[in-house]
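In structure tokens, one chain follows: the form predicted alone.
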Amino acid sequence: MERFAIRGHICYSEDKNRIQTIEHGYAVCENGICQGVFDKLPGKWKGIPCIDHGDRLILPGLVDLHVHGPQYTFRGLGMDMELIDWLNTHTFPEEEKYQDEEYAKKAYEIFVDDLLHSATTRVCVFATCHKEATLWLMKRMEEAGLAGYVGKVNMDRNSPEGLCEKSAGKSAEDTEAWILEAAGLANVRPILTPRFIPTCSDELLEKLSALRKKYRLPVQSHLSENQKEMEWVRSLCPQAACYGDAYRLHGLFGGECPTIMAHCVYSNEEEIRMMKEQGVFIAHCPESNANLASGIAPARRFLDMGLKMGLGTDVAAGTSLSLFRAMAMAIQCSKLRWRLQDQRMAPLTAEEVFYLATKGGGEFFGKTGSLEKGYEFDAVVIDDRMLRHARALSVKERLERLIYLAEDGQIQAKYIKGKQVLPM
């Protein structure tokens, strides 16, 4: 039985309304599971190994529900474009390069290394349609000690020649082969990834639905991100009541199918009702939505209605793997929506965005994203001493400053499922 404790200033969420803080507290791990947080180490754990992180902050590992691994190479480019033009100009030409395994390995190595050194411990990644490159990415993430889901992207229509899979049958065949080859991985698992409705035929969606049932896999995709995109979906799927219904008609929208849908900027009443009833997770990607001028998702409404939601960095429409930046942008965008669009919906708070980046998004993985008893032991230790100040700050105030001022270089230690992955 493996037991240890870490000591420092501990911050975590039990719910969306309050950040729990304990100065010089102890978090105890037993066989990869958190046994709770204590101001003094209980007697039954006296003598177990304890790493004292001094004046540093200890947080639950952060959760990224939506990021594109192959796009990491061109983050910061094309930020003056909207979605469809940006995809055609930057995304698709870059993703075509991943048919070259050597290029894919070089690019993914940088992505994995930077992800490892970030505050993120759980992640849902879009790869490309290339089976071999996607499998290599998964294996490299596993070797690094990371945990999460990676998806081989599916797209058999309305796509560049170099990315458009030959047929729905070939796409499904390659996807099943990839699922089987990834079966031996413990912490990085496959997730079905139809890119979005415009690039996936009904036949392909039906075949993916069959694979979902056969292998009991989750699904990730995009939903109601951009107005032109939504018009396109309406023309392609006139039988669907809304964008989300185009997935639901093929059994790829929640219910027995754990599902993440990124963006949901323009989700209408029917779509919101459907997401709540089906338990669909929303990946709120505020920086991406701002950079591509997509709009501002009604995150306050989703949160108040009790929809399942977390945050996504959405690199490369988002420019950074930092979920602290995503938290800050979530607050800032909610303020703009409140001021300019709908003053009935109050801006998000620091407590709420911290919850979304930890326990809210972590729910997709099970009992993850908190340091409460019974949760998988994911934690990051952050040294904020380089953020100089003259005034005395509480632990919560130090955390709140990190939301706006943090840089990934401040990560001092990182634990995933009870295993220390940084420093190596």
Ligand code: GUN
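Bear in mind the structure is a predicted one, so any value in this text is a computation, not a measurement. In case it trips you up, residue 1 is the first one in the sequence shown, and so on.
Here the subject shifts to the form predicted together with the named molecule, a form of this protein not shown in this document.
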Look up in the predicted complex whether S288 has a non-hydrogen atom within 4.5 angstroms of the named molecule, and give yes or no.
yes
Might W86 be said to contact the named molecule in the predicted complex, defining contact as any heavy atom within 4.5 Å?
yes
Heavy atoms within 4.5 Å of the named molecule in the predicted complex: does F281 have any?
no
If we define contact as a non-hydrogen atom of the residue within 4.5 angstroms of the partner, is S209 a contact of the named molecule in the predicted complex?
no
Within 4.5 Å of the named molecule in the predicted complex - does that hold for a heavy atom of every one of H68, T91 and D314?
yes
Checked F354, Y98, F196, Y108 for heavy atoms within 4.5 Å of the named molecule in the predicted complex; positive is F196
Contact residue in the predicted complex, chosen from L292, M327, V150, V219 - any heavy atom within 4.5 Å of the named molecule
L292
Only one of these stretches, 171 to 179, 117 to 125, 251 to 259, 188 to 196, has heavy atoms within 4.5 Å of the named molecule in the predicted complex; which one is it?
188 to 196
